[in-house]
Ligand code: HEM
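Presented below, as structure tokens, is a lone chain in the form predicted alone.
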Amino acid sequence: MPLDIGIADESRRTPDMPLYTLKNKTTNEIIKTTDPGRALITGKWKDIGRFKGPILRSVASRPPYFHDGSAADLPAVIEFYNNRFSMGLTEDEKADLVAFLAAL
């Protein structure tokens, strides 16, 4: 199931990434994104920025992470989610998550 976790948000854009400005012809809503995601396949407005999540088995052996390679290692992935969803993880909890993912 493709999800929009915010990885293609305009705010995460780096100078080497494109910026797409998409306009809904029905509602005139505008979305700026670095990657239209699943919408390129389905043509659906709701699929902008949605991506299929990875299989977690052996995830530690497959860096970099995210569709654009923006997370170099597992600690960077944990930090993204911690910030994106205001999880408030402690350093010990982050380390535990990295160890858990490395064990899969």
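Each residue number is its position in the shown sequence, starting from 1. The structure displayed is predicted, hence computed values, not measured ones.
Not pictured, yet referred to below: the form predicted together with the named molecule.
A residue is said to contact a partner when one of its heavy atoms sits within 4.5 Å of a partner heavy atom; residue 81 meets this definition for the named molecule in the model of the complex. Contact between residue 39 and the named molecule in the model of the complex is not found at the 4.5 Å heavy atom cutoff.
Within 4.5 Å of any heavy atom of the named molecule in the model of the complex lies no heavy atom of residue 95. At a distance threshold of 4.5 angstroms between non-hydrogen atoms, residue 87 is in contact with the named molecule in the model of the complex. In sequence order, 3, 5, 7 are the residues of 1 to 31 having a heavy atom within 4.5 Å of the named molecule in the model of the complex; the partner itself is omitted from this view.
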